[in-house]
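The chain that follows stands alone, in the form predicted on its own, written as C-alpha cells.
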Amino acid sequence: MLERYTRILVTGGAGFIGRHLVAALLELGKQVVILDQLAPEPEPALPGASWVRADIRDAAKVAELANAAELIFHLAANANGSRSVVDPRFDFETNAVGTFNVLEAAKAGEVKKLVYVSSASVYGRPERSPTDEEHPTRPFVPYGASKLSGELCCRAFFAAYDLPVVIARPFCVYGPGENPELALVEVSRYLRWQLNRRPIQVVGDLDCKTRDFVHVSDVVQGLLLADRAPAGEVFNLGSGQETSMRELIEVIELVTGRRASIQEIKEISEDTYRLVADITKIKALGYLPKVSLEEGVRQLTEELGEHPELPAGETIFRKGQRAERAG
C-alpha cells in the first residue's frame, strides 16, 4: 500500500484522526512529517515522525514543508462546528484559506497526490439517505461552508493545473484519543456522561436523529486507500450503518451494564435528520469497515476508564441559541 511514496506530509497530524493516520504510515515504513500548531510533546506519542509546529494559515511554512513531500494528507482544520458559529473568520481562514495554502504549495512542489479530508457536513440536511457523493451540498453552518470551500479549491486546482487531488468526506468519526473539549460526535460524549453517572444530554429527537458512526481505524483504512482513487474523485468515509440516538444509548447501556439517565434537549432541532453514508464508491477500492459500533464502544470504554473527563463543548448552530436556552 502506498508503495510509490516515501516522503509524506500530514497536516494536522497531531489531531484526533491525524495521530491514528500517522501511526499507520509509520508502520508502513514511511518518512512522515507532521505539520500542526500543537507543540511537540516532550516524549512524542509518534516516535519516528518529524514534528513541525506551524499554523496552516502560514503559507510560507506550508510551502517549505510541502516542497519535500511526495504525498500530502491534509487534515489540519477547525473541526468544531460550534466554534465556527462563534468565530466564523477563524474557521474560514483555517479551513478554506489553509486548504488553499496547501494546494498552492503542492502545485509548486513535486507532490504526486494530495488527499483532502473534508466532511459530511458539506451535505447539510440530506434530502435522501443513504447519502451518496452526488448529493447536493448545502451546508448550514460556517464549518460546512469552509470545508466545502476547500473542496471547491481542490476541484479548481485539479481542473486548472492537473493537480492530483482526492477528496474524502468522513461522517461521524469516533474512537480513542478524542479531545473532550472539542469533540462533538455523540459516541464519546454520551459514553463520558454515562461513565461518570451523569445524564446523557441528547440534542434533538432520540429516534428521528440518526447518524453514521464510523471508527477512526476504519477512516484511516479508507484514507490509505485514497491513492487507488482517480484524481479529482470524491468519496464518503463511513460505516454505511444507520444508528438513532436511542440505539446508541442502548449500545452504551449494554456495554456499561447499567441504565442511562437521559436529558433530551428538544428545543435544539437543527440537526434532527438522517445522516448516513452511501459507501459504494470507497468499497470499490477495497474498503470494508471492520469495527462495529458495539465493539468500538467497548474499546473506548476500556480506554476512558471509570471517571473520564466530561465533554466541554456546547452544540451551537446559530446566533442567539445560548440566550434562548438560558431563557
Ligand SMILES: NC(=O)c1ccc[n+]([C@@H]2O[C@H](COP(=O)([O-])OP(=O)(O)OC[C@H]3O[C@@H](n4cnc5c(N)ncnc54)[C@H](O)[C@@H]3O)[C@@H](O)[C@H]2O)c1
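Keep in mind the model is a prediction, meaning the values are calculated, not measured. The first residue of the sequence shown is number 1, and the count goes up from there.
From this point on, the text means the form predicted in complex with the ligand, which you will not see here.
Contact with the ligand in the predicted complex, judged by any heavy atom within 4.5 Å, is made by just one of F235, F157, Y190, F171: F171. Out of the listed residues K283, R274, R298, R57, R57 is the one that sits within 4.5 Å of the ligand in the predicted complex by at least one heavy atom.
The partner is not drawn, yet in the predicted complex one stretch among 285-293, 257-265, 49-57, 65-73 has residues with heavy atoms inside 4.5 Å of the ligand: 49-57. Contact check for R211: every heavy atom lies farther than 4.5 Å from the ligand in the predicted complex. Although the partner is absent here, L38 sits close enough that one of its heavy atoms falls within 4.5 Å of the ligand in the predicted complex.
The ligand is not shown here, but in the predicted complex it comes within 4.5 Å of a heavy atom of V117. Though the partner is left out of this view, A79 does reach within 4.5 Å of the ligand in the predicted complex, counting heavy atoms only. When contacts are defined as a non-hydrogen atom within 4.5 Å, none of Y123, P139 and G204 contacts the ligand in the predicted complex. In the predicted complex, Y143, K147 are the residues of 140-165 with at least one heavy atom within 4.5 Å of the ligand, listed from first to last.
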